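In structure tokens, the next block holds one chain alone, the form predicted on its own.
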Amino acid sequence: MGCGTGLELGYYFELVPSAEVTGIDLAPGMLEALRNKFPDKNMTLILGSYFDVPFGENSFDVAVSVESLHHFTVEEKIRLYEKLLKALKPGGSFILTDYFAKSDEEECFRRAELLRLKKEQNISDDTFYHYDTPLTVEHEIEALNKAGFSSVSVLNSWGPTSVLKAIE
């Protein structure tokens, strides 16, 4: 989700060279670069928003998102995670690598700052504005649990970045 140019995909293909990958991104140029980077791999690349693209049901063993979801509210994430959960096969997992707010205060400040900037620039609330509003790790885990994931664990952390694994 938000695959970009597939910066991390090389690592996945090293582990599973025959993996079938579905990548979703908003930028056609990034998808083209990804296609050119791995021309011999089995990839379905979709131009669109992962909020809008249908995922199907029981379609994927694993879903991955790397530094793409830190722009959205907890409510938006819960709806996305519910959709994603339905798309995972039984026993499937979601690996989320992103950076997170260090405190509740930082999370609240960033959300308030986004709203201030949108108001200042007369941008409606329902219009996407590229501004980072990460949740704390704790709030991200709560969102994944509310969406129905059975367990969520932190696999690794460095600085503000963490890797979470949510199991179907």
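As the structure is a computational prediction, the values presented were derived from the model and not from experiment. All residue numbers are counted from 1 along the displayed sequence.
Here the subject shifts to the form predicted together with a small molecule, a form of this protein not shown in this document.
For the candidate set Leu114, Met43, Met30, Ala63, a heavy atom within 4.5 Å of the small molecule in the predicted complex is found for exactly one residue, namely Met30. By the criterion of a heavy atom within 4.5 Å, Ala166 is excluded from the residues contacting the small molecule in the predicted complex. Remark: Glu67 counts among the residues lining the small molecule in the predicted complex, judged by a heavy atom distance of 4.5 Å or less. The closest non-hydrogen atom of Tyr50 lies within 4.5 Å of the small molecule in the predicted complex.
Put simply, Ala147 is far from the small molecule in the predicted complex: not one heavy atom of it is within 4.5 Å. The stretch from 116-124, 50-58, 131-139, 99-107 that comes within 4.5 Å of the small molecule in the predicted complex, counting heavy atoms only, is 50-58.
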